[in-house]
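Heads up, the chain shows up twice below as structure tokens, two forms, tagged structure 1 and structure 2.
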Structure 1
């Protein structure tokens, strides 16, 4: 790995900043002799939000792990509130007042929300857990974040966005003076993100500091005071204000200019692939939904979190039950009792929770690519290694996945994991391709590749449905946009009439 050092601005030694609450000087880290961080120095003041930017693999997670006690640096030093700081564990970091909210949620699904929020520090009275006090405190914190659910509810019953808010509530109840937020809004919609920003503003007023990691560059100016940028393990830029043009931040991150232009879309065909008529969810997440998708068309589904977007596409895929209504594929009524029926009919889904529902992290790329394709790879029941390797290698090359067939999926970046899931379904040449939050947690460079893949799917004649919490993404990728609000279909906008105002007017109606 070549560690970039050019274009470093404002290279004032951190020792000169005597107001710093936290200071890193010359931090370095290597794995198996390969450097992933080199000579990283920066400061963070009390009540400040410092944005940490960089592509996947730039070293952001490694740097966060060093600060939070998950890893020990190979070189350099840290200071915390004027004293040398070298945590040997996350517990030591938390005891010092530093907490980390991971991008990948680490909740205990079979415990309640309150039990997760206070895990490891349950309030006790008379030798027993004081559940009334625990639930009361958890409920108060959840309400501060705008999450109106019972603290006694099991975490596994929450959607991804709600689980993320529980992670945030857990960290905020620990009275940390420095919070490292790793992609905190990746699973949140606009309203939920604004509530989080309001909470951050309140806490920074109380002197809490934040190291804020995000791929959503548009929110940096909204929440941060300053910006630092990592590229190839080196700190390549510092900005003393967060009001920096997105184009400048992109150039800092990737070392070249990137235009955030979505690929052009060819006009769709007249041939109808999917028709949905009066569809209602079994559990009430949506009702009376009706639309059609044509060959070569990208239909976007927009709405704030809780509108029923993911539930709708899961029902089309057979992962969730429907109460009434019907689906027609190429004019023929379909009875889809589960994902197996959908796959056989030619409907595939890339789920929103990539690592929880789309990838077997500890299995090889080759094994992951066989999922959903065993009927084609092993029609006689025998999966032959040579055939598996050829199959995997062909798909990896086709989508430009940066990995080897024998490599564990866990070792891939988020963007390459997403390409792998898409590649798995491409092998089946489906009629309808559904992608739920296709770029969640993916850096800007990988996003461009995913956008072009989606355009290529439509260009090949497939019908495509995308669900995204990012309005810019829905607007940039879709021929038409279906807008949901609280489970109701508010309208379908053509590309020419769709803009952020029109979509949000319907989404909040």
Structure 2
């Protein structure tokens, strides 16, 4: 069946439908009366990459959901390959040739990689699922994306980045003629992103169209043909080339210009906050790690995907067990048996997997924000609802989260959920603030705000560790950079000597 579709596409002359393949006319969508998209119109040609930009909560994912049949528009029309198009279900959209990589990863943890890739369209032979073909095709696609794993492995065992790659493979094997990629690179490192771009290039050559959503503006010029920008649900800018200065894009998105993304950093104090000695993971993800972080210092941890960075910070936080080694906080050895101990000692962590580790999706913002702060908000154990609400409202205002305290976290855009997880810890004024992939899925404006926030925290004497797959972020924000490769500490670079070449040399060593 899938094979037949493939043939069909090959038979279609690419040049013949160079005209608008997809068109949206006046699309609108509201959630419980609150408009989220209003009067959005644009077209997409065959073999074109159209970048869709906008702040967190601007409506990008909602727009994708309308096109992919997850949601139905309240108003407006769509046309697909010249015919009116109004998908009633994701299945219809897929059948029409439109595929989507959802921003929130949507995989089935207890199924194999291959079954995830081919969920809903398993290759059949003689009335049976053709596992051999399925595994082989999944492996081939993943290898092209730079992930070399057995396709029979359960997805549950994969880390976030690998899961994202599986998600991409799922979309790329659909043989769709329009692929919507909603922040596909948010969890990826540079090398993996490059692999993805190469794939996009190739498919574009075959006539596939892309709607590409990303907060990494530097990617836009790299792969997009044209750009459209959403602000508060309205289409505010159209650029017929992707060679638009980043500052212009920023102004389109935010409505004002942003002077500098990375704030200046004050020099750190001499006082040591955290010292790690000969730390080895219980599961072997890293070994023999030793470093110190000082008050007012931002320590970046760099490395390619799977280097053991997340494992390291989780171990420091007590979320995973260590086999050996010592942790000293302000010179005193600590026994940290779990996150609870870490928090009491003044260490907090913003975990990398927002959905699985950070957010209670079905509970209100207020509950999510007060989580982890109840001991302080209710020192005697008694909660005062008014106080909790004020607390939540204050944090929402402080980080500019788009949402109301009583709203369920699930209804927030991805970036806003991330802000909420960071906001949770702000009120605690910890000694050591660890952020694992802090700006995943966060828009540029908010990103700058978070960078400034981190700088402020450091300026106030806090020690900060950030783990990020975006090299630029580590380079721009850290006093020093610790580089990991396959669980080994390759070295610590000073801000002065650190550049992308130096870091990558260590990281791949």
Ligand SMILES: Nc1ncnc2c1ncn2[C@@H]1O[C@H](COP(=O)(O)OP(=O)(O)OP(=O)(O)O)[C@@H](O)[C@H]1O
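By rigid core we mean the largest C-alpha set that fits within 1.5 Å across both forms. Just so it is clear, the structure is predicted and the values come from calculations on it, not from any experiment. Residue numbers count along the first chain shown, from 1.
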Inset, instruction - Please state whether structure 1 or structure 2 is the form predicted in complex with this ligand. - result: 2
Legend entry - Rigid core fit then residue 371 CA moved by 2 Å or more between the two structures: yes
Legend entry - Large Cα shift (2 Å or above) at residue 431 between the two structures, core-fitted: yes
Inset, instruction - Once the core is aligned, please say if the CA of residue 320 is shifted by at least 2 angstroms between the two structures. - result: yes
Inset, instruction - Quote the shift of the Cα of residue 280 between the two structures to one decimal place in Å, the two forms being superposed on the rigid core. - result: 3.2
